[in-house]
Each structure stands twice: as structure tokens, then as C-alpha cells.
Ligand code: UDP
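Given as C-alpha cells, the chain that follows is alone and in the form predicted on its own.
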Amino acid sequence: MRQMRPARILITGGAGFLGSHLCERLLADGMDVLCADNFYTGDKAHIASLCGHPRFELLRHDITFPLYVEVDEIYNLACPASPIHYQFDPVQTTKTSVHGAINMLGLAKRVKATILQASTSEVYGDPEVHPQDENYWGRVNPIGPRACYDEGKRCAETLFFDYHRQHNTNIKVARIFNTFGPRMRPDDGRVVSNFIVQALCNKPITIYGDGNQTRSFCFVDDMVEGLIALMCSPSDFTGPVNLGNPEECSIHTLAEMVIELCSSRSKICHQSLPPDDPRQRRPDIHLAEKVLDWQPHTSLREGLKKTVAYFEQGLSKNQNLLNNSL
């Protein structure tokens, strides 16, 4: 852990799903937090309760433009993470990953801050090895509809390690696997939020493909712990390091679990599998266990219960919003 507590931490994408949880946790740890977000997918409601906090500051900013602030640590989380949002404007998605990385690395270099990149399991593409460890270089389609995100994140990793080698910038790279929990957007198109919204509205549960494809789902609180553990790791440890839950689950099993937890009358229906959708996704987290002393502790069922409760509350407040997200 940190021997000296830094004065100020910048979180880009801090009003997003994962970023807002990280803001809360770091404030609880006694940090000064600067949240930067352009609100493309972030939501002011996620950080509304923090805005009166004396150690919290909110800045509307797009990281494709330079940012000049004084900080000790940077968590670079800014980038739309769901296919619906990152494919809506793929050029801007690539700019956010690449130009954003250049701008945040430039900031880290100027102020001598440690910077953490929120990379993704998507750098492994549709993998030929299972589970995926950090030495696997991946199998990514560089010209497909998902490439704006996949290749953007891969290029960001390249930039991080080049800044580290060329400028001695202190970097940390986390490859984040599927993460879920409260504050997911009901319209983000990700499988957990899709299934929960459909189940709560008693609509058909949409499975793409045969449902035998697998994913590994990590609850957001565990992911936040992993990111902080990585930032606090020894200075000579850069990663990349996988952060995720190694418990593997088929999409069909997930759908059945959501139907049960929602006490839903929904039936399962199947549609065609999207292009380049990976068949398997499961992290090898031995490196995180060894170096960070980290592993997730929240079971899929326990995390889903908390997430369903969050969406149930949203359903009671705004039935039309949830219906329109289907």
C-alpha cells in the first residue's frame, strides 16, 4: 500500500459506471479526487452525492484535448466500454483511446504522476488460448466493427509502455474483464444489464448465438479493489495484469439465473451472433494474486442480487426509461 498518501488523484471517466465507484472509494480513503468526464456515457447522477464533498472536484473535459492540472496519480478510465456506445462513433472511440492516452501520458510525464490505464480483455480478441494470461498476444480483427475499441485499447497499451521506456513514466496497465454492478446503464447493451432489464419487464431474454459462449463476471466492488491494489503496487511493477473473476459462466446459465433472481416470466429467445463476438472469455489471474494479493470475493449470484435491486429501484422511478432501453 501507499507509504505516503498522495494529495490529489485524477480519474478520467469518473462519472461512469466504474469511475464513480472508484471516486467514492478513494474519497473514503481520504484522497482528494478530481473527476473529469465529458458525459458521453457518464452520468452526473452517479457522482451527484459527491459534489458537496470538500475533497471532490468535477470537471467537464474530453481527454482527446490536453488537460493541465497538478495531480499525483491518474486513473485513465475514459472510454465508452459497451458495443452500442463505442460503435456509435467508432472514430471518436479510437481518438479517445489513442489521443486520450497521449494527452494523459503527457500530463503524467509533466507532473511526474503515476498513471494507470484501464485496458480491457478485448485486447485478447476471440482467443485461441483459454484461459487468457498476460503473455497471450491476442487474436483481434483489426478492421471489424469492434476494432475501434479493441485496437484503440491495444494502441493505448503500446503508448503506455513506450512512454515508460522512453520517458521513464510510472505506468500501471490493468486488463479489465467483464465487470457489472449498480450504476450500469440500462441502455448500454451489455449482457448483464440487458438481461436484468428484460427480465424485470417480463420481456423475452435475448441471447445472441446458442448461449454456450462463456464470460467471467466480476462485481464492481472487487474491481475497484483490484485497481487500487495495482496503483499501490511496487513502482517496478507495470503490468499488464488481468483483473477479473476467473469463475466462468455460459450466457445461457446467466440468463436463467437472472430470470430466477428477478422472479420473471421472461422466456429465452435466440438471435444471430454479432461479428467477432468471442466464444470464450476467462482471465488467468495468477499474476494479480501473486503481486497484488488480489482476487475477487463476490460471487456472481451475490453480485447479481445487488445489481437487480439497483435496477428494480430504477424501474420503480422511471418505467419509461427502462422500457425504452429494450
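What you are looking at is a predicted structure, and each value in this text was computed from that prediction instead of being measured. Start at 1 with the first residue shown and count on from there.
Unshown form predicted together with ligand UDP; subsequent notes refer to it.
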property	result
Region of this chain that lies against ligand UDP in the predicted complex, out of 160-168, 202-210, 228-236, 130-138 [heavy atom, 4.5 Å]	202-210
Contact label in the predicted complex: residue 66 to ligand UDP, heavy atom within 4.5 Å	no
Non-hydrogen atom contact residue 281 with ligand UDP in the predicted complex at 4.5 angstroms	yes
Contact of residue 109 with ligand UDP in the predicted complex (heavy atom, 4.5 Å)	no
4.5 angstroms heavy atom contact with ligand UDP in the predicted complex for residue 146	yes
Ligand UDP: the contacting residue among 70, 260, 277, 29 in the predicted complex [heavy atom, 4.5 Å]	277
Stretch 187-203 - residues with a heavy atom within 4.5 Å of ligand UDP in the predicted complex	189, 190, 191, 194, 195
